[in-house]
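So this first bit is one chain, no partners, the form predicted alone, shown in structure tokens.
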């Protein structure tokens, strides 16, 4: 029997496609880190759930024009890159993919 590829340990099943319908978000613990997984127009994006400004929960923020807005102070982060729209801060982002109706995050 062969060993699983080393990077397979970093793949996490986070939700079904149905659970993330209609521009929904899911926040979950992945290896001890809170990660927000967003569905936007049929695409999936994952980023840290913690705003670098004061720790606001990004998964509770609104998504508009390709940005996630922190619900505490309105900081805006690009949903694809995690970069702060008006500054040098950024939040970590993670690769997402869909297999057999399940959304996965590679961390």
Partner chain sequence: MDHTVIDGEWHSGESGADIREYLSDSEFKKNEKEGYLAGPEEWGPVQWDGWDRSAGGRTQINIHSPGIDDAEDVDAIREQLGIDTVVFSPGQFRMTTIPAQDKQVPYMRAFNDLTVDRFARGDGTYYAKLYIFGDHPEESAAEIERYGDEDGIVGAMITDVGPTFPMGHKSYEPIYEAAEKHDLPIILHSTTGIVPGFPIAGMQPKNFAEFHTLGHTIPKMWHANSLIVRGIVEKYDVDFGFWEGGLSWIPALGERLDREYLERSSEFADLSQLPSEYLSEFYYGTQPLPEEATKMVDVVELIERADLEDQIVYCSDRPHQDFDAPAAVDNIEKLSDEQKLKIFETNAKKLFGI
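Positions refer to the first chain, counted from 1. None of the values given here were measured: they were computed from a predicted structure.
Same protein, other form: the form predicted in complex with its partner chain, not shown, and the subject of what follows.
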### Message
Going by heavy atom distances of 4.5 angstroms or less, which of 80, 64, 43, 29 would be at the interface with its partner chain in the model of the complex?
### Response
64
### Query
Given that the partner is absent here, does residue 60 sit within 4.5 Å of its partner chain in the model of the complex, heavy atoms only?
yes
### Query
Does the 4.5 Å heavy atom contact test between residue 69 and its partner chain in the model of the complex come out positive?
yes
### Task
Give, in sequence order, every residue of 74-94 that has a heavy atom within 4.5 Å of its partner chain in the model of the complex, or say none if there are no such residues.
74, 88
